[in-house]
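Shown here is one chain on its own, the form predicted alone, set out as structure tokens.
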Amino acid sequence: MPGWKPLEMTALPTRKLEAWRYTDLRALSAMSFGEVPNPPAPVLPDLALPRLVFLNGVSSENLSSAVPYARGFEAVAEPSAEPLALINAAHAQQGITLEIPAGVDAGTVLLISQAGGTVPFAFHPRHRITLGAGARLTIIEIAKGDGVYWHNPVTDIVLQDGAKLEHVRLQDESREAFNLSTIRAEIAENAAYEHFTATIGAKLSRTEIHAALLGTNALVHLNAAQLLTGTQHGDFTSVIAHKAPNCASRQTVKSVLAEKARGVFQGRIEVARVAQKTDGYQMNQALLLSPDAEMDIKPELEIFADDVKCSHGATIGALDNEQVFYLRSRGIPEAEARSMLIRAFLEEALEPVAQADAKALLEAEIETWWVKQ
């Protein structure tokens, strides 16, 4: 699989673009990536679920299980001018295509990416998920790794009438890695896209989601939790386009930032003239555990319809010392008291995760993150 040619790094977006003003890719553009190395021995989650496993971006038949309605990578023309999607389309050689027939409940599927090597490398998987009318599916996507690499996945999602997809993502890449993920979802009449991302790993990461509500009574929930420390940079950017009447969107993004970490939330709601009775809401809250941590928030509303209900809110603060003192006065050690308060802060973002294995996985990862602080 070919590596990344340094000359092509000029195609990366820069901070001159408004959508990238808070995320600087110069550290990535300065790097040279070679051939994709053989991956180290994988460490997979202990979950008894059908799985699709990718090692250094390459599908592993030995570690994957038989997943109904799944097939391999299919090259498609890139319809957009998004820089990262164009780079992905030019280099994608691996990925998964899932097509769930109408009326089928396909259960839960694990999508695992594990990366690692002794030299910097890049991989650009392209996934496509289509649910027929009334179909159901839960995807638990896990990305982990070691070493220096760039993971640049693109996932295209199409939900037909009445379909429902629960998409839970754990991004726990190497602290030396770059993860730039693009997700695009088309949601038809009465369909629902439930999304949750936990951002814990990577030196620099960005999750960019474009969701289009195309039919009446379509629904999208985009929730996330960012837990960052050191000099990590995490960016959660979303664009929700209401293009039909009587649709609803909800976003709750919470960030816990320690040391010199930096978090970004950009949330844009677009309401077309035809999209009367739109109900859109976004909330971003950040908890700064250090005076050197930073959070940048940019909510946007673009509304052309008359009869809508759209709102947004944002808060940034520190742990309440009085609450910490209260818990300590009840015999709870300070570290445990702080952990309890952080867990309570994140509860609202985690609440929509319905799948039991996914919720247990996320709760364990959050607890492990706090213990390491």
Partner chain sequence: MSATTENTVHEMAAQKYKYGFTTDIAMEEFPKGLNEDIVRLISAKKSEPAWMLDWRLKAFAMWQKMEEPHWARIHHPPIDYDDLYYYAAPSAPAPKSLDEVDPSLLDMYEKLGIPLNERAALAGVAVDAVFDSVSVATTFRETLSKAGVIFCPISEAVREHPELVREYLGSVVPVADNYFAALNSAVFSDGSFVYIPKGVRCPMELSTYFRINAKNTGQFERTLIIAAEGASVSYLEGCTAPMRDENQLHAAVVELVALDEAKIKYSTVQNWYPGDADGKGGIYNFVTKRGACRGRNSKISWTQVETGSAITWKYPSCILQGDGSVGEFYSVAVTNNFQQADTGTKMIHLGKNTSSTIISKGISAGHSNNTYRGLVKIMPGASGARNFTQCDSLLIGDQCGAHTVPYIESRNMSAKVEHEATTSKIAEDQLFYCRSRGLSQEDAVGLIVNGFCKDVLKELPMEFAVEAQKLLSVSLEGSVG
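No experiment lies behind these values; they were computed from the predicted model shown. Residue numbers count along the first chain shown, from 1.
FYI, the form predicted together with its partner chain isn't displayed, but the following is about it.
K.L.:
Report yes if any heavy atom of Thr315 sits within 4.5 Å of a heavy atom of its partner chain in the predicted bound form; otherwise report no.
P.N.:
Thr315: yes, in contact with its partner chain in the predicted bound form.
K.L.:
Give a yes or no for Pro299: in the predicted bound form, does one of its heavy atoms lie within 4.5 Å of a heavy atom belonging to its partner chain?
P.N.:
Heavy-atom contact with its partner chain at 4.5 Å: present for Pro299.
K.L.:
Can any non-hydrogen atom of Asn217 be found within 4.5 angstroms of its partner chain in the predicted bound form?
P.N.:
Judged by the heavy-atom cut-off of 4.5 Å, Asn217 is well away from its partner chain in the predicted bound form.
K.L.:
Consider Thr118 of the chain shown here, and say whether it contacts its partner chain in the predicted bound form, taking contact as heavy atoms within 4.5 Å.
P.N.:
Judged by the heavy-atom cut-off of 4.5 Å, Thr118 is well away from its partner chain in the predicted bound form.
K.L.:
In the predicted bound form, which of the stretches 24 to 32, 305 to 313, 40 to 48, 65 to 73 has residues with heavy atoms within 4.5 Å of its partner chain?
P.N.:
Every other range fails; the passing one is 305 to 313.
K.L.:
Since exactly one of Ser80, Gln93, Thr231, Ser290 fits, which has a heavy atom within 4.5 Å of its partner chain in the predicted bound form?
P.N.:
By the 4.5 Å criterion, the partner-contacting residue is Ser290.
K.L.:
Have a look at Ile139, Leu180, Met295, Ala143 for me and say which one sits with a heavy atom within 4.5 Å of its partner chain in the predicted bound form.
P.N.:
Result of the distance check: Met295.
K.L.:
At 4.5 Å, heavy atom to heavy atom, what parts of 254 to 276 sit next to its partner chain in the predicted bound form? List them in sequence order, or say none.
P.N.:
Read in sequence order, the residues that approach its partner chain (within 4.5 Å, in the predicted bound form) are Arg273, Gln276.
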